[in-house]
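One chain comes next, on its own, written as structure tokens: the form predicted on its own.
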Amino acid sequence: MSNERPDDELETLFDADIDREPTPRSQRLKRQFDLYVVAPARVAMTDWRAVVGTAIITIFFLMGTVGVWLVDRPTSGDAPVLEPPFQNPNYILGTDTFGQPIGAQLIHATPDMFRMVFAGAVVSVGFAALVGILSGFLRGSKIDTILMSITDIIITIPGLPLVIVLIAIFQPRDPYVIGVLLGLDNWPGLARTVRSQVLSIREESYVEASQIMGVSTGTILRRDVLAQLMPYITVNSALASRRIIFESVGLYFLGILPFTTFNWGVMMNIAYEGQALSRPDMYHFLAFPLLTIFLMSFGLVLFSQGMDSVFNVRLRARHSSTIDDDGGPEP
């Protein structure tokens, strides 16, 4: 078994492919930029899932940042009631029962959705990574036993009822707080999976070599363990974001979360309460929020699948070897 970490193997493959002698610091920095920035970008460009997923996420990001500045915040009576879609260029997606443009509502709901997603993903993935890494690396210790006992207890608690109770107690209005509450029931399963990954990594020869050399546990966890888990954590962050979107929209739709801001779930709730399912003139009021949720979820799934290729060490090395010393493609 090789004593090199996968990232060391990547650099070895790079050196072997281009057969270069040891280089000065500037050239080494250039090579690092090639390996960890240019090569992943080239790999992503060859995978349609990464391209499409990134494009969809970028569109939603622009909606939540630039869009809210370009489109006025909708208020009741801004437009005719229940204007059909694609009839008036000023209200391309139509309007709702209050005379609010649906497109503007979708845009102004995006920033808070991103805040919820960010907070929820950080809590769920961060907790899972911390617990899983410590428990896996310290296998058999008291810390491992305590952490896994807590994880197993939380797994046995029904997640949705727990979240509903917490929401009823705290009545959260801040999107970050809502995201944190939604992320609390998502981390235990991922923590168990991360622990199993760490148990495999800790048996690698390069980890054993670091322990024999007296390298501190913190350094080993950061350099040898966490670095190898980053692809897995990144992929699961996208999937965790998707779960936060579904849960938040569902709770807004059911009326459990307070209607204090624009949200795609709030729009669906109002449309449903207005009998949109039985009124053809209101179909667009329900359809466009559903389509928005589907597109964002689809983009996150494609992005997570595309990252599998981007983090593939040999694919990155293959794309790195197409760049010569001057930074351009080899003849």
Partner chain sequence: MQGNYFAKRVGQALLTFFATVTLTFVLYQMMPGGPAQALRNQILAQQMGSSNTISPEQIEQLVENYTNLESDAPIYVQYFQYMSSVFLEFDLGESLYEDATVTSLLAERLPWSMLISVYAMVIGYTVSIVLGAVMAFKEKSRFDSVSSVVVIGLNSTPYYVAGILFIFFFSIRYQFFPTGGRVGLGIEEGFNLAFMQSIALHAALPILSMSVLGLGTALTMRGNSVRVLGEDYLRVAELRGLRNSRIATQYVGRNAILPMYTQFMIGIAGVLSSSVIVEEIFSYPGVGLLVYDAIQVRNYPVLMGSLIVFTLVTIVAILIADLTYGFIDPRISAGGNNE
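Numbering follows the first chain given and starts at 1. Model, not experiment: these values are computed from the prediction.
What comes next is about the form predicted together with its partner chain, which is not displayed.
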Partner absent here, but in the predicted complex, which of 75 to 83, 92 to 100, 210 to 218, 242 to 250 has residues with a heavy atom within 4.5 Å of its partner chain?
242 to 250
Can any non-hydrogen atom of Phe262 be found within 4.5 angstroms of its partner chain in the predicted complex?
no
Val68 versus its partner chain, in the predicted complex: is there a non-hydrogen atom within 4.5 Å?
no
Is there any non-hydrogen atom of Leu166 lying within 4.5 Å of its partner chain in the predicted complex?
yes
With heavy atoms only and a cut-off of 4.5 Å, decide whether Arg222 touches its partner chain in the predicted complex.
no
So which of Leu35, Met268, Ala50, Met63 gets a non-hydrogen atom within 4.5 Å of its partner chain in the predicted complex?
Met268
Looking at Ala55, Leu29, Leu277, Ala41, which has any heavy atom no more than 4.5 Å from its partner chain in the predicted complex?
Leu277
Can you work out whether its partner chain is within 4.5 angstroms of a heavy atom in all three of Leu162, Ile256 and Ile293 in the predicted complex?
yes
Pull the contact list for 135 to 157: residues with a heavy atom within 4.5 Å of its partner chain in the predicted complex, in sequence order.
Arg139, Asp152, Ile153, Ile155, Thr156, Ile157
